[in-house]
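One chain comes next, on its own, written as structure tokens: the form predicted alone.
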């Protein structure tokens, strides 16, 4: 038999794990696809109702219509959050696969995040198409740059998820803390209300959050007249992405045997 290269082995492992995760994620529950669509739709409806009661009408947000503005921010945040949250349980959920020496803990995290990225992208595209049918403009003015920033948010979630996955597998309490802070993170990232309305002395601290930079950059690519929060920077976003992904990879390699044995 011909000896396979390391890349061929890794690719086979990823393909098998992807098929396993995809079937589990989309077919284990007959309502899985419904909830994937219903969750963001319900959030959008609730926030539109709150906005209508509080402000009265669909006012613009920094030069963009409120509904498209919120949809873009919500999907961008969900892309990050799902990568972060689902990575935490990835190692424990796939412990049986570690009997095969070809399977590494980092493989389980990457495949979960890859699947979540595909699902969120597909559902986002469905919402964009549905928006076009009901006169909600969700077509990006800079499609290629929007795709790059969408990928950047995905990579940020992958980096945070890979770090937290390793740490929470060694210290279970970390996973519980992360679940508690996920909702406050939704608020301080500028998903539900514009950070422009925050006083400057507080805004400068909120803009230390790289998620806010990713969402603002994504909105700039979708809306031609949108005015982002001052200080938004793609360089700052990648200043977080690269170290987090490097740290996550190093932690998973350093504690590989302990993660498999937990």
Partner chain sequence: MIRVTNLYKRYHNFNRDSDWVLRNVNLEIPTNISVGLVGRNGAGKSTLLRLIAGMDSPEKGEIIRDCKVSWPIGLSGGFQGSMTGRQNVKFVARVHGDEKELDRVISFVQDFAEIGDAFDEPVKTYSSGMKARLAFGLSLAFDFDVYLSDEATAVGDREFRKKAEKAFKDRVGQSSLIIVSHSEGIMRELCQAGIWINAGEAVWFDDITDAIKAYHGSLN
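On a predicted model such as this, the values are computed, not experimentally measured, just so you know. Residue numbers count along the first chain shown, from 1.
One more form of this protein exists, namely the form predicted together with its partner chain; it is left out here, but the text below deals with it.
Its partner chain in the model of the complex: contacting segment from 86 to 94, 71 to 79, 113 to 121, 148 to 156, heavy atom within 4.5 Å | Of the stretches listed, the one contacting the partner is 86 to 94.
All of 4, 13 and 257 within 4.5 Å of its partner chain in the model of the complex, heavy atom check | Yes: each residue has a heavy atom within 4.5 Å of the partner.
Contact label in the model of the complex: residue 127 to its partner chain, heavy atom within 4.5 Å | No, no contact at 4.5 Å.
Is the gap between residue 103 and its partner chain in the model of the complex 4.5 Å or less for some heavy atom pair?
-> Answer yes; at least one heavy atom of residue 103 falls within 4.5 Å of its partner chain in the model of the complex.
Would you please decide whether residue 133 lies within 4.5 angstroms of its partner chain in the model of the complex, comparing each non-hydrogen atom pair?
-> Answer no; every heavy atom of residue 133 is more than 4.5 Å from its partner chain in the model of the complex.
Residue 180 within 4.5 Å of its partner chain in the model of the complex, heavy atoms = So residue 180 does not count as contacting its partner chain.
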